[in-house]
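Taken one at a time, structure 1 and structure 2 that follow are two forms of one protein chain, written as structure tokens.
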Structure 1
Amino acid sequence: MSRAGIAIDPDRLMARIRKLGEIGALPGGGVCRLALTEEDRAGRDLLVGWMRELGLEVRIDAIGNIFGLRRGREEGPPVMTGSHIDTVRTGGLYDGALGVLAGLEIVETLDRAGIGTRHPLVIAAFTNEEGARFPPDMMGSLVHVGALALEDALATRGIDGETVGACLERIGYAGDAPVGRPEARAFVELHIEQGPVLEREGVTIGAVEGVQGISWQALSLRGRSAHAGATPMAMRRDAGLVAAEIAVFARRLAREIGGDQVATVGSLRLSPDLVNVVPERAELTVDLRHTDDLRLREAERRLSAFAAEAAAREGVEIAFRQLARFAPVAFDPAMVARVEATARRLGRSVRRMPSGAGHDAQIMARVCPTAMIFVPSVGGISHNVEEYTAPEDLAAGAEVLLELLLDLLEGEGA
């Protein structure tokens, strides 16, 4: 229970998580709400409805970010919390949604207790955090802080050929609020860990110190289609072979660099995609991440050199396209310390840790003091329909968020 003598309602929080999870529901308990699809629209409609039921002033900006304002006794920049509600194609109930819906739970908790705050509070749901349909990820927060031009974001073409701008108009979330003028005293994001560390160590709360650097590349390979039986091996220009070599090298590269380095080939498509034809084209993506930007740059350099060499050996043309690039981010040390101290004050076990996944918080850190609160992911599983966090851990994270927000909402500074 917070120092104000109030506590969040875990059942109410869980009910909202489950209700949102019905939109885009998948067999096995997961969800698919790719950004700016009809499922995303329905999720947004539900969220905006809840915000208005709680008396929040809803503002939607030109990139579709949703902001719900609870006014304070004083005017001025708000304290912000939130995350996103879009998912990957095989998403779970908690990734992103927890951070937004915990914010609503805190608003309802304060309202029911009759507690006002000195500073305003904003609950944010940022557009296209996942980047699964439109690169880059964290698009909405990038536009919000002025790091990505609105016109460039709106012109972005997704994996299905649609543009962000056309989809925003179609689903009715091309808002009229201006972008690129962020005002916030602080930003705090509650999120599931999406990894195994907290569960493995028996710790309830992660005080996130920063976020790994991320590099996304798309590689296009063009060889020559040929008969699979009649073409000698030495005369082939096999785009599929080169793609496979790159995928295997990416795994080896991560092992060789070691430490926090990870590498993933998450998308691989061959053309003409026939059993008896040597592939003429291959399109693949490579996701590289590391907490050390120098190591990340080394991984990028070595991957590019290997891919170019492998393509040349096979007589295959290669083209590289950067989809996203974020340097590692360190969160405000004082804010990280506040998360840690708040968790201990509430009797929760806590450890400091980095985030292996990207989050809107790393973008908000450019404009205000920022922190993240992690809660355990069972089995370290996320971006998977089996993603699960125990209700008692969800509640523990929301309690830490409530206590920290109350401090920030009444304080002189962040």
Structure 2
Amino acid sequence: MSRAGIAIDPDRLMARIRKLGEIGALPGGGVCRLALTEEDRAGRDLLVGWMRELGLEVRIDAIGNIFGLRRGREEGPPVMTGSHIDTVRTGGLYDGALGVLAGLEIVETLDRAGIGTRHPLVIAAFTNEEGARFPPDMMGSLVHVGALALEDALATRGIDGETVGACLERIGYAGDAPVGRPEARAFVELHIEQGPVLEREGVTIGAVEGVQGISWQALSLRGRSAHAGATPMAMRRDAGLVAAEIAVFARRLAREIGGDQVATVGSLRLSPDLVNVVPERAELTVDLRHTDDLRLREAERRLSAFAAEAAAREGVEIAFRQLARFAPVAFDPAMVARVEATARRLGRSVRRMPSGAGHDAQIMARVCPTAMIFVPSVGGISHNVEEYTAPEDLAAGAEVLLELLLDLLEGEGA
């Protein structure tokens, strides 16, 4: 129960999550609602219909971002909440949808209680957060904050060869509102954790301090293929061995740097990949993440040095290619503190934590004070049809969001 004496309706929230999850539902469970497909159109139509039923003023901009406005007593910049409704190819019901639909639930709660607010409230659904069909991910929020030019975004071709612009036209979401508006006075995103930390620690609410910096590298190794029986060990130039050494080192590196450092070799391919041939080529990726850019750079440096040394030792050529590099994002400390304090006031267990995944909030943080609220993911599973968060945790997150928004909607500052 919030200080205003009101509470969200968990069943109503779940009903909307389930209803949206029927669009693009996969036979065995889960959802496929790739950005700007017919399924995305149907999901958007459902969302916009709900917004209109709740009396929100719907604005669709030129990149297809959807904003539903609930007016306040004063004009001026709104407080914004939301997330996205596109999914990966084998996604779950909660990733993105929770943040948008919790926003609608809060609007409905305020409406039913007859509560007006000083500042306007906007519920946002950003276009193509996943990047699963069109790169880059977080496209809608990047265009919104001016970090990606609208023309470039519209001209982007997807994995099926179609452009963002053509798809937006086809599904009827090439809106006429200029991008970049409304300018929010603050942004809060409720999201599932997508990792196992909250569940393992028995904590309900994550107060997200920031988003990890990400470094993706592809390493190409070229040795010499050779007969696995006839080639003595000392005469080998085994590209597969060097790849394996790098993978083992990546784990050691994460352990030695410690803290939030993570390191993953997710892809590793050998050629010719035959049981009795010493591998001539190996291709592997290394994903390094840390909330502290200095530490992330240290990890990158040490990994590169080790890889070069291991390759040289084996007489294997090595080439590095940066696939992605995002600096860490730190959310506004005052906003993080408000999430934490709000959760405690509502009697919820809470811990500060980084986000390992990317979110629209990290883009919005460039233009306004921003916070994220995490709720537990069972088994840490996400981007998977088995993604699940218990209804009581979804409701707890929505309650914290409601309480925080009420503060922000009445406040002087952000």
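Keep in mind that this is a model prediction, so the values were computed, not measured. Please note that residue numbering is based on structure 1, beginning with 1 at the start of its sequence. Between two forms, the rigid core is the largest collection of C-alphas that superpose within 1.5 Å.
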| note | Check against labels, form predicted on its own ends up as structure 1
| note | From 328, 246, 69, 287, the hinge of the rigid-body change between structures 1 and 2 corresponds to 328
| Treating the chain as two rigid parts, what angle does the smaller turn through between structures 1 and 2, in degrees? | 23
| task | Quick one: how many Å does the C-alpha of residue 232 shift between structures 1 and 2 once the rigid core is superposed? | result | 18.6
| note | Shift of the Cα of residue 292 between structures 1 and 2 with the rigid core overlaid, in Å, rounds to 3.5
